[in-house]
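Presented as structure tokens, the chain that follows is alone, the form predicted on its own.
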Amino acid sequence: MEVLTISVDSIYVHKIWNEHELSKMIKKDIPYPMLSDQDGSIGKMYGIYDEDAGVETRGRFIIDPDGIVQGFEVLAPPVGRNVSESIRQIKAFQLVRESKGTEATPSGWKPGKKTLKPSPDLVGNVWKVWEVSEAFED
């Protein structure tokens, strides 16, 4: 798994943000690279660059090793993202990829929990094999 952050801010703004804000919140330096997209070219590719304001909407994209977007979430700036949920989803995508599609993760799945085995017999019968209480545990 590789995590990168990208914004229209310069590398200098990233450095100051990490030193004066983020490192105080997480009690260490940011554990992954912060990339600068000052011209918005990457944001334009993913449809999150606001040309008029010169900013990118906050979003996260899960891209598999083949370069295919498997999942994404774009939120308005006042709403924060959930890093734990992002990691959970990455692990779910990794499990499904490693199983070559023989396993699927139900809503709220967490590593170590029961997976589903896709088949025609599963259609309309997920409720028989999926325990709701597991899916919504904290």
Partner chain sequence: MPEEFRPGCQQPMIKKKKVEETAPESQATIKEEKTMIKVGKPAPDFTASAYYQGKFMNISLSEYIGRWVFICFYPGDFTFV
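Take the two forms, superpose them, and find the largest set of C-alpha atoms that agree within 1.5 Å; that set is the rigid core. Positions refer to the first chain, counted from 1. Quick caveat: nothing in here was measured; it's all calculated off a predicted structure.
Although not depicted, the form predicted together with the partner chain is the subject of the following passage.
> Taking W17, L35 and S86 together, does each of them reach the partner chain in the predicted complex with some heavy atom inside 4.5 Å?
Yes, the whole trio is in contact, each within 4.5 Å by some heavy atom.
> Against the partner chain in the predicted complex, would K113 count as a contact residue? Criterion: heavy atoms within 4.5 Å.
So K113 does not count as contacting the partner chain.
> Closest heavy atom of S10 to the partner chain in the predicted complex, within 4.5 Å or not?
Although the partner chain is absent here, S10 would touch it in the predicted complex, with heavy atoms inside 4.5 Å.
> Can any non-hydrogen atom of S107 be found within 4.5 angstroms of the partner chain in the predicted complex?
Taking the distances in the predicted complex, the answer for S107 is no, it never comes within 4.5 Å of the partner chain.
> Determine whether any heavy atom of D52 comes within 4.5 Å of a heavy atom of the partner chain in the predicted complex, and answer yes or no.
It does not: once the partner chain is placed as it appears in the predicted complex, D52 has no heavy atom within 4.5 Å of it.
> Suppose contact means any heavy atom within 4.5 Å; which members of 45-65 contact the partner chain in the predicted complex?
Those in contact are M45, Y46, I48, V55, E56, T57, R58, G59, R60, F61, I62, I63, D64, P65.
> Quick one: core overlaid, is L116 moving 2 Å or more at the Cα between this form and the one not shown?
No; that C-alpha moves by less than 2 Å between this form and the one not shown.
> Align on the rigid core first; then say whether the Cα of F72 has moved by at least 2 Å between this form and the one not shown.
No; that C-alpha moves by less than 2 Å between this form and the one not shown.
> My question is whether P31 is one of the residues whose C-alpha shifts by 2 Å or more between this form and the one not shown, given a fit on the rigid core.
Shift of 2 Å or more: yes.
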